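Take a look at this one chain, the form predicted on its own, written out in structure tokens.
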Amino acid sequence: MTGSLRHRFPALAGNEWARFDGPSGTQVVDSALKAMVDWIESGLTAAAGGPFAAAQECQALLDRTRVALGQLFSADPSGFSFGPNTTTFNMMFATAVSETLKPGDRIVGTRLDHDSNVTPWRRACDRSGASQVLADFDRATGVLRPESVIELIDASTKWVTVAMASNLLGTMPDLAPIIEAAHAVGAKVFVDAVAAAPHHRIDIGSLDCDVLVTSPYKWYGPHSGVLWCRPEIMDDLDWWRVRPAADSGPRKPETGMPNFEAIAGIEATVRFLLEESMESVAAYESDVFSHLWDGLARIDGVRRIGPDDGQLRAPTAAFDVDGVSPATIAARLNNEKIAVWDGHAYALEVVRHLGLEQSGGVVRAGVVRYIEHDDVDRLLEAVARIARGH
């Protein structure tokens, strides 16, 4: 088992906090911080593609980072676009798709998703007269069976929108049969990989999806978003953009000039993950998460919410405590310098489907690469005191 990497995260040096808030955004790895500062200090920031050296270096950075992303995600580098965050990309993409939809068309989604992969598609349907249907997940287990999505896919389906992992429950559905069923009727598949990419290796080529989105700030990089799209789909969609913008290629959806210092940070973060290897990340996090998940099960009054059958999942724990609101638990943990989130984490459909709206949702604690066993012990001890009424 690979050892601690906490020393690679300068923000954690001498910090007493246990940061279980990683699912909302991680701390930035040292090499990414250095790359961003070096880029800003270099004088190379310009507009990409011009005739002078700095502009050419900007283009080289874009090209180099796309190649690195292609290595990390096993995908065509020419399919990667850069933006501010995944939600913005989802809004932009669904808006572009809405121009291709008509009454009678269908968008199939799920209740497991973050709202950024639900509401933009609903708005696209509202604009076009198409309809959106959402597959349910099992309330008792938090598992989304592929069959529940596949049974909604028919000849009128144009897009299937799915999460690779639930940002609230950690559930990771089996996407292969869903993608196969969608492609069998000529539909395309949009995958939200935000909650999966920090924890498991993603092979876009083998997955065979048509679009995939992820957020580098969830995997130790700067606050930014990355979209991968099949080049032919990218070229066919009528993205909203200014007239001088590219008519084809990955720059097409990039409104305005890219954030070059963030892209320098993305490149460095990708190289960190390639060197560490996602397999090593997954193994480390699985060990620490088992400590957390099993420990929560041993505390009287604590209810764990989500998959508990040994299936592949993201290391995110959702739970509640009898008689104590999630907001109160989060506030109590804050007093002990333990960072967690409470509520719905934008997974509105998940909380509604579980009937947890009125009770305040859940407490969410996520394991990322710099969380260690001593952090877990602190969290478990604090939750046990809360559950005992102390």
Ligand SMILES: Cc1ncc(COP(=O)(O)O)c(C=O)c1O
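Residues carry their position along the shown sequence, with the first being 1. Quick caveat, the model's predicted, so the values are computed rather than measured.
What follows is about the form predicted in complex with this ligand, which we do not show.
- This ligand in the predicted bound form comes within 4.5 Å of a heavy atom belonging to Y217.
- Although the partner is absent here, S116 lies within 4.5 Å of this ligand in the predicted bound form, judged by heavy atoms.
- Remark: T86 counts among the residues lining this ligand in the predicted bound form, judged by a heavy atom distance of 4.5 Å or less.
- A195 belongs to the set of residues with a heavy atom inside 4.5 Å of this ligand in the predicted bound form.
- Only one segment in the set 187-195, 72-80, 231-239, 310-318 has residues whose heavy atoms sit within 4.5 Å of this ligand in the predicted bound form; it is 187-195.
- Residues of 140-176 lying near this ligand in the predicted bound form, listed in sequence order, are A165, N167, the criterion being any heavy atom within 4.5 Å.
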